[in-house]
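In the structure tokens that follow, a single protein chain appears in two forms: structure 1, then structure 2.
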Structure 1
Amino acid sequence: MNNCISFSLKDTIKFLKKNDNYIILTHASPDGDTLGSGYALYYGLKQLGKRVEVICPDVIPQDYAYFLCETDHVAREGATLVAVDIADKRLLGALEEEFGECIDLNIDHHVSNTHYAKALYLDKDASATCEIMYEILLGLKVKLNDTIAQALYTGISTDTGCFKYSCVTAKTHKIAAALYDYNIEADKINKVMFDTKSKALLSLERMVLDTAEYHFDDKCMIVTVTAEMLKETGCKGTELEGITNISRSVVGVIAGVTIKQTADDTFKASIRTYEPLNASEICKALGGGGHKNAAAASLKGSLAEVKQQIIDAIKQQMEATNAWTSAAR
């Protein structure tokens, strides 16, 4: 942890007003929240006469094309760097080497944030970074429009599982309701994000279910996505986000784990939990982090070694919380 300054909403608004050239960074394997908050901020700062560039370390899926645009090219020297929805500089992926040590402002909602930026505006009670961005844009006196509202709604909807997760509050619904004043076409957004699957994804889901294994009296379910499966089905990008929900949907499971191979000896573990378990604490023990009910970590080793590390971390949490006696969901 460096000497990171904690910003309030007022501090953040003041900071964004005073600078002129911005580079907004989103995280690798981009989702609706990092893209929605990044582009909403882009449009807002452009209204204020700033030069702004949005950079994503990976190819952005076409699912989000309805609020994307070609942004400015901003010279690196003298630019103000803003990271959105990025709890750890490692999530910058291919951008970490260039930008990881020089982020001026981080806007985030993850309780596991590592305070890597020079300044941080963190609202751990927000359901999504887009919820925070809505308040920032209002504070900047930005005039919201259909495109900004679509970006913000996308981030909130996707990070809350279409308003199903425990992170949702009355404030979340109030902001979403305000966004309905614009032509956001929420039904179309939610259909794309939640209700449609490609044939390739259906094939992958079948393979993933065949890998399912249970531990701790069936309270933990682990499924695996290997590189070979991805190659065979052609699945990639945001299509894989729905896979993490397979293990959390089984009755009695309070720890759902999805292990995805990202390189020969590297795997990403996505962990979803229910009371009394804490996914963030489990992933912290594995070198990652996230939210209480949804977190992730990157691990190196063989699949068997990685799986055992995850099982050990979950066992430690189960013992610490006496989860053995928790009632079935």
Structure 2
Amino acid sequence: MNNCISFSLKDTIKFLKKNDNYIILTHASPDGDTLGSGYALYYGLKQLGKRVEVICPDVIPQDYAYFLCETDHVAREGATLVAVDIADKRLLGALEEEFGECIDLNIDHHVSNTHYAKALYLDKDASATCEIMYEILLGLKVKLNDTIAQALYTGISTDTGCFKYSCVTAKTHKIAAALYDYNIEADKINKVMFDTKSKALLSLERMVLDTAEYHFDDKCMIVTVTAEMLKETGCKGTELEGITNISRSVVGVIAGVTIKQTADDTFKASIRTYEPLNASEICKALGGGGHKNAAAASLKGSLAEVKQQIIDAIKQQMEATNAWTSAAR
């Protein structure tokens, strides 16, 4: 943590009014919230007559095209750098070297923010950076329109699993209600973001389901994604994120494990747990780490060896927490 100044909403608004040339940075493997807040801020600052460029370290998926546009080219020298929804400078990916040390303002909602920027406006109670951005735009007296509302809605909807998760508050729904005053076609956005998948991903899901195995009276479920499956289906990147949900969606399962092959003899285990199990403890025993309900570890060996290590670690946690006898979820 360096000498990062904490900004209030008011400080942030003042800062965004002050300068003329802004570069907005979104995080690598961009999602709806970093893109939504980045482009909403772009449209807002343009209304204030500024020159603004949005830069994303990776290619932006076509799914977001409805709120994207070509932005200005802004000279690096003298530009004000704003990072949106980027908790750690490492998430700048390919842009970290160029911009990691010189972000002027970071606008974020992640409690894990590492305070790497010169100034940070952090609202950890916000469900999404787009929730924060809505208030910033109001403060900047930006006139919302359909496109800005779509960008903001996309960020809020995608970061909350469409209003499903515990990060949602009354404020989240109030902002959503306000965005419905515009023609956002929320149902179409949600269909693309949540209810469509590629034929390739469906094929992969089928293969992954075929690997399902249950342990410890069905309290533990393990699925496997091999390099062969990824090659055969062509699935990659963010498309794979949903796969880890399979093993935690089954009633009664308190340890959902997804083993993904990352090299010939290397596997990444993503573990999701429910009480009384602690995923972080399980993964610590495997040389990894993470949160109480979601953690991961990288393991070397054959698939069978790796699987046995994981099962042993879960068994240990189950014994330590009396999970054998505790009520089923």
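Think of the rigid core as the biggest set of C-alphas that the two forms share within 1.5 Å after superposition. Numbering for residues begins at 1 and runs along the sequence of structure 1. Keep in mind the model is a prediction, meaning the values are calculated, not measured.
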task = Please state whether structure 1 or structure 2 is the form predicted together with another copy of the chain.
result = 2
query = Which of the following, S249, A186, A200, A119, is found at a hinge in the chain, given the rigid-part motion between the two structures?
reply = A200
ask   = Rounded to the nearest whole degree, how much does the smaller rigid part turn between the two structures?
value = 24
request  = Any chance you could measure the C-alpha shift of V208 between the two structures with the core superposed, in Å?
outcome  = 3.9
